[in-house]
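Each of two forms of one protein chain follows alone as C-alpha cells, named structure 1 and structure 2.
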Structure 1
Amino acid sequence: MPEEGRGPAAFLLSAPALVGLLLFVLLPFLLAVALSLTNLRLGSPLPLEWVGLEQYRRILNDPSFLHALINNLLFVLTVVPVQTVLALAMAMLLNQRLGAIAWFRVLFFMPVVFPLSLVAVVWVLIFAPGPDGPMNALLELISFGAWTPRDFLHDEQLALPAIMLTSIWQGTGFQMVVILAGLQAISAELYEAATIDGAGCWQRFWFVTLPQLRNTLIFVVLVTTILAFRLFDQVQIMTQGGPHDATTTIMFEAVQSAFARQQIGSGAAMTVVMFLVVLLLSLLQRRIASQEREVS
C-alpha cells in the first residue's frame, strides 16, 4: 500500500472507536464537568444557576465524601496488589501441562462470568450472622471453636474487608486470563537458556518470567485500579454504605447525592473528582513503570 494511502485508511478503520470514545466517554465527562459548576437539583423550583467551584468546595469539606475517598483508597491499596499476586499465582499454575487443566481454567474464570449483583447476593448469604452462617462456621471450624460468630456486614471493622474479599474472589479470574496470555507468549528458548546457565525455578521466575510480563502486569494493575475506584454494586447490595459510612465509596456517594438527594451538581462534582484521582494514580503508575524500564 502506498505511504499516502495509509493515513486515510487508518483513520477510517479507527473512526468507529473514536466516535464511540467521543459519544460515551468524552461528551459525558464534559457534561459532568458542566453540571458540577451549577446548582442543578431534580424537582427544584429554583432556577438553574452557575456556581463555579462551589460544589467542589462543599464536597471537599463534607466528612462523608472524605470518608468515601479514604475507603476507596484503602480498597484500591488492598485489592489491587492481593488480586494481582493471586492472579499471577493462578496463571503460573494453569500454565503447567497438567491433566484436565482446561477444566481448572474454566473453574477459576467462572466467577468473572457471573453478574456482579448475583455474586454480591451470594456473598451476603455467605457472610450471614450467627453460628449457622457459612463464613462463621468455616472460621469456627479452622480455629477449633475459638472463633466467635460475627455479623460481618454490620461490623464497622469487618464490613469493608468483607467487600474486599468478595471483589477479590470475583475479579481475580479476569486478571488471571490476561496474565496467562502473557505467560504463553514468553519464548521457551529463554527458559531453556536460563536452565543451561544453571538458573533454578525462582531465578527463572525473577529474571525471565517477571521481566517478560512487565507490560502485562502494568496493564492489569491499571485496569484493576480503575475498576476498583468504580466500586458500587457490592456496596449497594451488601451494606448500603454502612455501618456508619464504613463502606461508602465515591461512586456510592455520587449516586446517593444525584438520585437519593437529587443534587445533580454535587453528584457530578464527585464523579469529576473521582476521575481526576484515577487519572492521577494511572499517570503515577505509568511514571514509575517508565522509570523502572529506564533503570533496567
Structure 2
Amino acid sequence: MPEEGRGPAAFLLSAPALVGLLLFVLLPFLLAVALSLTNLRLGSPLPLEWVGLEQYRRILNDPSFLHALINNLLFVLTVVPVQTVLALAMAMLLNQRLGAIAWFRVLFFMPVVFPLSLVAVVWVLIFAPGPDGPMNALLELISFGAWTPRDFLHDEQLALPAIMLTSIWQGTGFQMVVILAGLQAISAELYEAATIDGAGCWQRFWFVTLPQLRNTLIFVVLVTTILAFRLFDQVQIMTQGGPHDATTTIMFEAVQSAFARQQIGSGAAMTVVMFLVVLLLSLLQRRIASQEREVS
C-alpha cells in the first residue's frame, strides 16, 4: 500500500508534469474540438462564429480531403500487414541460438534511429528516375532487363507505393524488437510439450507461437496503424502530396488547410477526424486484448 500522510508533498511532486500535460496536451485537444466548430481563419475579416458541424460537413464533402483519407487508408492497409509480417519473420529468424545473431539484430534495428527527414532524402535518390536510379536498376536486374525505368515519385501509380516502401524500411526494426521480446517471453516448456505431442515446425508456430504472441501482435498492429495515420514527414519531403494528390494524407491536408490557407477551423476538424480514428482503434485493441484475458 502507498505511504500515508504525505498528501501535499506528493501532489506538488507530480504538479509540474501534470501542469505540462494539461497546458500542452489536454487544453489544445479540447481547443481542437472547439475550434473545429468555428469558422476561424487567421487574418479573415469575417467575424468569428460558431458554425456547428459545418466544418465536418464541408471536409467530408471535399474531394481532396476524401482523396487524402483514401490514400491514408491505402497506406495503412498495405504498410501495417506487410510490416507486421516482415517484423514477425525477422524476429523469428533472430530468436535462435546461432553465431553472430546479435550483429544481425543491430543491423535490422539500425534504420529506426534514422530521422524520417533524412530517410526521405536518401530514398528520393533511391527512387531517382532513369536507368541509374538504384530502384530502377534493381528492378531491371531481377526482371532480367524486362523493367523499363520509371520516375517513381512523379508517377501517379508508383508514388504512394514508393512512400510505403520507405516507411516500411524505417519502421520494421521497431516492431521487430517488440515482437522479439514477446517471443523470448514464451516458455520453452510449451514448445517441449508440443514436440512431445508430435507437433511439427508449422504446428508449433500455429498452436504455440501465435496464440502466445497474440497480445504483443495486437499491440504492434495498433501502434503501427496509429503511426501510419500520422504519416506526414515523408510526404512533405518526397512528393509534397503529388503528383495530382496521389500521396496526400490526413495530416498533409490538415497542415495545408491550417497553415498554408490559414483555415484553422477546418484544419482542426481534420485533426479531430484523425484523433477519432486513433481513439476507435485504441478502444478496439483494448477490447480484443481483454476478451483474450477472459478466455484464458
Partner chain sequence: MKRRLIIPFTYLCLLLCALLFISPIGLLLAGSLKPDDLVLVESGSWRALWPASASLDNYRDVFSRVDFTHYLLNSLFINGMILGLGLLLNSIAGYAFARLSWRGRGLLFNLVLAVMIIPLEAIAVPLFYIVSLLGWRDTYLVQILPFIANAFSIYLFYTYFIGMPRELEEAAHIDGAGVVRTYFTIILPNAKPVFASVAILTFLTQWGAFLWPLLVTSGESVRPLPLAIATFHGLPPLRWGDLFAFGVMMVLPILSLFLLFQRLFVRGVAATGIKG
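All residue numbers here refer to structure 1's sequence, counted from 1. Here the structure is a predicted model, which is why all the values come from computation and not from measurement. We call the rigid core whatever largest set of C-alpha positions still superposes within 1.5 Å between the two forms.
Here the form predicted in complex with its partner chain appears as structure 2, and structure 1 shows the other form of the same chain. With the core held fixed between structures 1 and 2, Leu281 has its Cα displaced by at least 2 Å. Leu46 shows a C-alpha shift of 2 Å or greater between structures 1 and 2 [criterion: core-superposed Cα displacement of 2 Å]. In the core-superposed comparison between structures 1 and 2, the C-alpha atom of Ala260 has shifted by less than 2 angstroms. The rigid core superposition between structures 1 and 2 gives a CA shift for Ala17 of 7.6 Å.
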